[in-house]
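So this first bit is one chain, no partners, the form predicted alone, shown in structure tokens.
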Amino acid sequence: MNEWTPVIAAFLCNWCSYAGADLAGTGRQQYPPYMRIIRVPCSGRVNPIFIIKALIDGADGVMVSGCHPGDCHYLAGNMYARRRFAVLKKLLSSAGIDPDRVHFTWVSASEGARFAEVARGVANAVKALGPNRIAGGDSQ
């Protein structure tokens, strides 16, 4: 029998986290191949609706990663994102969606090994939750 593997949507800041993921790849740091990377200009540009839509459309988990505090190329976009996602987690919880399906992290361009470690941690957390039952009519 095939082992279930989650689908994880990863919204990565172009300037730091995406470059960190690239460095992880070129440095042969292993991270889950079922993580679907979506490059965004800034983590602050990730609308919470994108996260909800990803979960509804079948993602078992979502990771949003941006520049470290104080290093945002758009000054404070990552801080706006952090505040927005704290509220989103409360909304998900009240809507009956496990907020642990959504992860927010900081990874810089020089942290390829850290990106791989964070990605594996997110994957393990999502695997522990099991398949997303709200996705695309799977709730029945």
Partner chain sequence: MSFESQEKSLRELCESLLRDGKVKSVAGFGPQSPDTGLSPPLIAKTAGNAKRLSWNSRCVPSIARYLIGRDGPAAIAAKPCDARAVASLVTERQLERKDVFIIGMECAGMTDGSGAPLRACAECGTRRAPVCDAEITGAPETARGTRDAAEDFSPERFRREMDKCILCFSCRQACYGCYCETCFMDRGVPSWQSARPDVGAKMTYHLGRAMHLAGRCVECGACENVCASGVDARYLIRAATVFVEEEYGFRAGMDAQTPSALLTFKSDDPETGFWKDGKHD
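Numbering follows the first chain given and starts at 1. On a predicted model such as this, the values are computed, not experimentally measured, just so you know.
Keep in mind that the form predicted in complex with the partner chain is missing from the display, and what follows is about it.
(message) Is it the case that D100, even though its partner is missing from this view, gets within 4.5 Å of the partner chain in the model of the complex, heavy atoms only?
(response) Yes.
(request) Please run the contact check for I134 against the partner chain in the model of the complex: heavy atoms, 4.5 angstroms, yes or no? (result) Yes - in the model of the complex, heavy atoms of I134 and the partner chain come within 4.5 Å of each other.
(request) Indicate whether the partner chain has at least one heavy atom within 4.5 Å of a heavy atom of A9 in the model of the complex. (result) Close contact is absent here: in the model of the complex, A9 is far from the partner chain, nothing within 4.5 Å, heavy atoms only.
(message) Using a 4.5 angstroms cut-off on non-hydrogen atoms, would T105 count as touching the partner chain in the model of the complex?
(response) Taking the distances in the model of the complex, the answer for T105 is yes, it comes within 4.5 Å of the partner chain.
(message) With the partner left out here, which residues of 72-89 have a non-hydrogen atom within 4.5 Å of the partner chain in the model of the complex?
(response) Those in contact are A76, M79, Y80, R82, R83, R84, F85, A86, V87, L88, K89.
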